[in-house]
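Shown here is one chain on its own, the form predicted alone, set out as structure tokens.
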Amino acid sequence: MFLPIDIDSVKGFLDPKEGEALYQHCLSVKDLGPTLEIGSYCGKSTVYLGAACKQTKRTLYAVDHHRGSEEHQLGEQYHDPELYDGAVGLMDSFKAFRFAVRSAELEEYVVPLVASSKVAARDWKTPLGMVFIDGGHSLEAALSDFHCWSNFIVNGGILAIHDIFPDPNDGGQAPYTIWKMALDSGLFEDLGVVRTLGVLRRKHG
């Protein structure tokens, strides 16, 4: 796996083994359609997925309103003062995201959609080879991401969901809930979990 920049220089919470899994699965769907990620933050997952898309001459759509999830807000556990725009009183990760994408020379392959997942999906029509869900971790946000985007995954395509914690003591349950929902739907087969990254394939039929 080749990454065009030092991935540790990009803020984020993605384990390198999870990133490598995203990269490899993105390569595997090159003939099925573009890839879309929900929750880019500062661009760590974007670099992994974007590097795979660059190799295969595909497009990565990166959906994020860049105002942070619940846990990134002022006073919360994962708040980063460097990403807080005091002038407007809001968190803003878009500048850091653009810097990462530009530094990695991925601007020709990454299309940022600076909007909420629900707004970006409103008029979406394009079939997708892969969807990576790593947006808001409230149950409402996770369910919305799943319902907005899972139906666009083509047969044989990949659905990847970050922060799968079967034990509530280890982390929030919303991503785990939608992962189980995908499995219980009968539409996806389980390809396993890498660290906290659940990977599924859309069944043919």
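One rule holds for the numbers: they count along the sequence shown, beginning at 1. None of the values given here were measured: they were computed from a predicted structure.
The same protein also has a form predicted together with a small molecule, omitted here; what follows describes it.
Trainee: Go through 51-59, 150-158, 164-172, 36-44 and give me the stretch that gets within 4.5 Å of the small molecule in the predicted bound form, heavy atoms only.
Mentor: It is 36-44 that comes within 4.5 Å of the partner.
Trainee: With heavy atoms only and a cut-off of 4.5 Å, decide whether R98 touches the small molecule in the predicted bound form.
Mentor: Although the small molecule is absent here, R98 would stay clear of it in the predicted bound form, with no heavy atoms inside 4.5 Å.
Trainee: Using the partner position in the predicted bound form, report whether H65 sits within 4.5 Å of the small molecule, counting heavy atoms only.
Mentor: It does: once the small molecule is placed as it appears in the predicted bound form, H65 has a heavy atom within 4.5 Å of it.
Trainee: Does at least one non-hydrogen atom of L74 fall within 4.5 angstroms of the small molecule in the predicted bound form?
Mentor: The answer is no: L74 has no heavy atom within 4.5 Å of the small molecule.
Trainee: Quick one: is L90 in contact with the small molecule in the predicted bound form, heavy atoms, 4.5 Å cut-off?
Mentor: It does not: once the small molecule is placed as it appears in the predicted bound form, L90 has no heavy atom within 4.5 Å of it.
Trainee: Please state whether all three residues F13, S69 and S116 have a non-hydrogen atom within 4.5 angstroms of the small molecule in the predicted bound form.
Mentor: Yes, all three are in contact.
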